[in-house]
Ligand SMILES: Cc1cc2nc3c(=O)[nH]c(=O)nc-3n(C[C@H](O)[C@H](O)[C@H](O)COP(=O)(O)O)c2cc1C
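Below you'll find only one chain, the form predicted alone, shown as structure tokens.
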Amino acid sequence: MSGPLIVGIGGTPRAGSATERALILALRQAEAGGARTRLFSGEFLERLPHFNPGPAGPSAEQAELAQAVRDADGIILATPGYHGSLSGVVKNALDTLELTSRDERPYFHGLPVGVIVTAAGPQAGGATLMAVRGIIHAMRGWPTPYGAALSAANLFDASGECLETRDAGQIATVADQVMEFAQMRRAQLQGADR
């Protein structure tokens, strides 16, 4: 059997942002634990039209994101902290998941969802972390016990690795908890099918 699918959603429209690099490290950590991963980076999120549930129907990108979440065993969200909350592109991506509202498993129902926030200061990081966790609850997901709130300044070296061990540990902890809960959920669902 293949490993759980962990979907990473986040970043900023700026390629190589601290937020996106943190998300990539988290997905690598999940892969090291046996996961299959899928990344929806800031570049992808920027192409999503503003969500409009009107009669025109979803764009190809909107449908692609919704299907990936339908297939996911776990989610990792990464956002910069903008004025005490998540960025517009990440919020629009989450709004897009309204496409799953009539599914048998809507939104993030039953999924573990890890959160990584990069911000200029601790106040913005903490406020954003709480805002995102509130959204996860509203979307019926299970926020992991640990959420990473990182200082965006001087976070990575030239190769994309964390400069500080504690920052690398925060990112790894988010990924490990998503994996742990995703594996438990899969085992439970497989047991119920027997």
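When you see a residue number, it is the position in the sequence shown, counting from 1. The model shown is predicted, which means the values in this text are computed figures rather than measured ones.
Just so it is clear, the following notes concern the form predicted together with the named molecule, a form of the same protein that is not shown.
Judged against the named molecule in the model of the complex with a 4.5 angstroms heavy atom cut-off, the residues V7, L25 and T173 are out of contact without exception.
Among residues of the shown chain, A124 is one whose heavy atoms approach the named molecule to within 4.5 Å in the model of the complex. At the 4.5 Å threshold, heavy atoms of R102 stay clear of the named molecule in the model of the complex, well away from it. Taking the partner from elsewhere, A182 is found to have every heavy atom lying beyond 4.5 Å of the named molecule in the model of the complex. For L48, no non-hydrogen atom is located within 4.5 Å of the named molecule in the model of the complex, even though that partner is not displayed. Site annotation in the model of the complex: the residue of V89, I75, I116, A119 reaching within 4.5 Å of the named molecule with a heavy atom is A119. Residues of 75-93 placing a heavy atom within 4.5 Å of the named molecule in the model of the complex, in sequence order: P80, G81, Y82, H83, G84.
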